[in-house]
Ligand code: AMP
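The form predicted alone is given below as one chain in C-alpha cells.
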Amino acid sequence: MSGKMNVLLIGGGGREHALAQKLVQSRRLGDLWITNPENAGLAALGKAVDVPVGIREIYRLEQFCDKHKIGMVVIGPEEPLCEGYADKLSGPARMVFGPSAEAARLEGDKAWSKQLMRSASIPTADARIFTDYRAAKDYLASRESPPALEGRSQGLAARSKDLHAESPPVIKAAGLAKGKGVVVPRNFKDAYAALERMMVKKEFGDAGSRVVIEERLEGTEVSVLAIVDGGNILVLPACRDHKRLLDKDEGPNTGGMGAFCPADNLDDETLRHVEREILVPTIDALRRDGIAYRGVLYAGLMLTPAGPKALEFNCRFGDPECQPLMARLKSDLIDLLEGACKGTLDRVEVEWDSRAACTVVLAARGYPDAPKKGAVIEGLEAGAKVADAQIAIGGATRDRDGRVVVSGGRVLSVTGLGETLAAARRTAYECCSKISFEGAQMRTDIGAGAG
C-alpha cells in the first residue's frame, strides 16, 4: 500500500481527536479535513470543510469530497453511520471507513440486534422487547414479584422473589440515545422510573419508543473491538472502561470516564473464544442477510461464570476506548483503515506498543445531566510536556480571546503510557494534575486494583 491521500474525518469528540492525532502521523496523509472545527484539538490538526454536513444536505458533502479529491472518509460517531453516511459518501474513487446504515443497526436498534444474536445463537442475556408502556410495566412487575409456583414450597417461592428483588433487570432504549439509553437500576423503583422516562416522558425521543428489558448478568465487563473488512476480522487488544461518574463505580452512568488497555481480565484463550463464539457468528449472520460489515465492530461483554456473553454491539470505536488503543498503535493508521475498506485486512502488518495505556476523562461541572460550559482551561501546555502522556480534546473550543474553554460534557481525555498499568496510571494522573478548570470532575480510580 502506498500513495498519499486526502482524508475527511467526520465527528468532533475526543475519539475523533485521538484518530486525528494518529492520522497526522501517517506517511500517507495528504490533507486532513474535519467537520467540527469547534473542537480546539481538531482545529489545530485539520482544515474545516466549508459545506453543511447534515444528512439532508449530504449531496453537498459529496460534492466537497469530489472537489477536494478525498480518497478516504473516516466516520467516528454512531449517528452519521446509522443515518447512512457511509452509503452516500462511498464511490469508485473514495473509500469510507465505517459500516453501512443496515450494518450499523447493530448499534442503532438494540431490539434488532438482540433478535440477530438470538438467531445466530450468540451467548447473550435473556430479554423481552416492548413497544407498549403498560405491557412493559406489567412485565417488570412480574419480575419483581413472581407468582408462587403451584406445587412448590413457600420457601422456594420466597427465595425466588428475593432473587428478583436483588437483581432488577437492565432497561435499554432500543434506539440511539447518545450513550444515556442504558439504565442499570439499583432497585425496582429505579427500573420503573427508567421505563417512564423512556416510554412516557420521551426523554430520549423516538429512541425510547421501544425498550429492551434484559436479564442482569453478573461478572466483570470488558470491551473487545475488532476491525472488519467484510470477511476478515482483526481483533484489537481488549479494553476495560469505567462508565459510572464517581469512584468505586458509584453515581450515574456516563459515556465513559476512563479506560485502560490491555484489559486485565481477559486472557488469550478467552479472547479466542470471544472471536469464535461472538464476533465471527455476528459477521456471518449479517452476511447471511446480505450485509457486508466493514469498519469497527465493538462488543461490550460480560464475563460471567458461564462464559463471555454479549451485552451490546457498537459500530464504531468507543470513546474513551479509542484513546488508549490509538496511543498503543504503532502501525500506520491509514494502512489499517484502507485494508478494512478494500477487503485486504489480512495483508496489513499491525504492531502494538508493548506498554499499557490508561485514559482518564476530565468532565465538566454538572456532567452528565447538565454540563456547564464556558470555564477556561488552564495547564494544557504543561500537561502536554509530561513524558508519555497524550491529551485528546472532546468538549473544548477556543473563545474570541483565543482561550480554550469548556464546550461539552467530557472535556478532555488524558492518556498515559507505561511499562505496567500502574506506571501508565501514574503518567495519566500526573498529566491531569497539570490541568485545571472550574468544576472539573474526574475519577481517581481508573485502572486501580487491576491485575
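None of these values were measured; they are calculated from a predicted model. From 1 onward, residues are counted along the sequence shown.
The discussion below concerns the form predicted in complex with the ligand, not included here.
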Response to the item:
For the ligand in the model of the complex, the stretch among 198-206, 97-105, 168-176, 267-275 with residues bearing a heavy atom within 4.5 Å is 168-176
Worksheet, complete the sentence: Checking D109, E214, D332, E338 against the ligand in the model of the complex, the residue with a non-hydrogen atom inside 4.5 angstroms turns out to be E214
Fill in: K137, R328, K243, R210 - the one with a heavy atom within 4.5 Å of the ligand in the model of the complex
K243
Worksheet item: Does the 4.5 Å heavy atom contact test between V280 and the ligand in the model of the complex come out positive?
Response: no
Worksheet item: Using 4.5 Å between non-hydrogen atoms, is D249 touching the ligand in the model of the complex?
Response: no
Worksheet item: So in the model of the complex, does any heavy atom of D229 sit within 4.5 Å of the ligand?
Response: no
Worksheet item: Can you check whether A285 is within 4.5 Å of the ligand in the model of the complex, heavy atom basis?
Response: no
Worksheet entry | Sequence-ordered residues of 221-235 touching the ligand in the model of the complex, heavy atom within 4.5 Å | E221
